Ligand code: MAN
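Just one chain follows, in the form predicted alone, and it is written as structure tokens.
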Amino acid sequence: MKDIAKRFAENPLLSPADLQASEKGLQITCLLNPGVFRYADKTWLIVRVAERPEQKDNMISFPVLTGTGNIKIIEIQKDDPALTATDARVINYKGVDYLTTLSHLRLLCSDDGIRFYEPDGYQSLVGEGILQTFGIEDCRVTRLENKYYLTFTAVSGNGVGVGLRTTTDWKNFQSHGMILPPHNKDCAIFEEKINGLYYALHRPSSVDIGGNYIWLASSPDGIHWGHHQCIIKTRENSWDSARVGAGASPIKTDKGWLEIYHGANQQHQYCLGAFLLDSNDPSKVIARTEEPIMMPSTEYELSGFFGNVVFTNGHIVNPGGDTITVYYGASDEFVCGAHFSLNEIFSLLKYDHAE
């Protein structure tokens, strides 16, 4: 496998200890998978911050939001026979799934793309309403026609779906509720209309028939989505055999729409790959990388809250057009950065492996 990522020497850029918890009684457990954008001549991250109370001996405790937005702490004895806690991220209690942490989204900015800080006057984004009581996660940011579209994973006991908020100034937001119902996530809206329509990649999931595949949808207004088509599937005995999902908005190039995506195998190792879509008809997959373009290899990618993971949903296309800066989550705990050459990615695309 060929890893072509040029990782920042300063990695990890952000660790849980670098930020303050949102309120007393909670601790930041993880920083994950930031959305990325340029605004006011700075590079911005909208980072997923996952929190929980300090853990007590023989007890699992975790926060959830009530329907009115208050935080409630649930505590369960580890030896409770109704508890299944084999995953660091999700537990099951009395037949109901819960997240072990509660996530919100926090804005940070940087003058150099390396050193990030929380600016004054910008608020965190938190879950709102009954469909976001387990938090909001993994925001992707699209700038389209002078408006920013924020698609994120909305989690509650009702399931996992895609929420949408929009803004023009990052201080005032309009909520559009859940635009894709459970089970769905990894939604990235294209940064340009195609033939008058909005387009988005998304990832519905099936536990019985089908799988964790990447789909394409179109919309007349960026809010109501239809004409769904499955375009990228998992590949047996491959690095992306268990699930695939979109990264950030596809990059428009003279060869087509280039998408960096994540894939995972049966051992829950998450890597990055790429595929290319037709410029005028993004339902047509032109090419796809056979091997990953990035895989977990450093200590901060191999070990952490949930190790062996590199996962991105944000990048910046640098001036000149060939280099992109990808910001990514490492081992579900740290925020890191890496540079990629688009020409190198193109050299690894296989035009006979699009399906």
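The first residue of the shown sequence is 1; numbering continues from there. As the structure is a computational prediction, the values presented were derived from the model and not from experiment.
Below: the form predicted in complex with alpha-D-mannopyranose (MAN), not depicted.
Q: Would Glu137 count as touching alpha-D-mannopyranose (MAN) in the predicted bound form under a 4.5 Å heavy atom rule?
A: Flag for Glu137 set to yes.
Q: Does Lys185 reach alpha-D-mannopyranose (MAN) in the predicted bound form, with heavy atoms at most 4.5 Å apart?
A: Looking in the predicted bound form, residue contacts with alpha-D-mannopyranose (MAN) include Lys185, since a heavy atom lies within 4.5 Å.
Q: Although alpha-D-mannopyranose (MAN) is absent from this view, report whether Asp332 comes within 4.5 Å of it in the predicted bound form, heavy atoms only.
A: Answer yes; at least one heavy atom of Asp332 falls within 4.5 Å of alpha-D-mannopyranose (MAN) in the predicted bound form.
Q: Arg48: heavy atom within 4.5 Å of alpha-D-mannopyranose (MAN) in the predicted bound form?
A: Heavy-atom contact with alpha-D-mannopyranose (MAN) at 4.5 Å: present for Arg48.
Q: Of Arg89, Lys193, Lys284, His227, which one comes within 4.5 Å of alpha-D-mannopyranose (MAN) in the predicted bound form, counting heavy atoms only?
A: The residue in contact is Arg89.
Q: Which of these residues, Leu99, Ala264, Leu125, Leu258, gets a heavy atom within 4.5 Å of alpha-D-mannopyranose (MAN) in the predicted bound form?
A: Flagged contact: Leu99.
Q: The chain here is shown without alpha-D-mannopyranose (MAN). Which stretch in 71-79, 212-220, 229-237, 147-155 comes within 4.5 angstroms of it in the predicted bound form, by heavy atom distance?
A: Result for this chain: 147-155.
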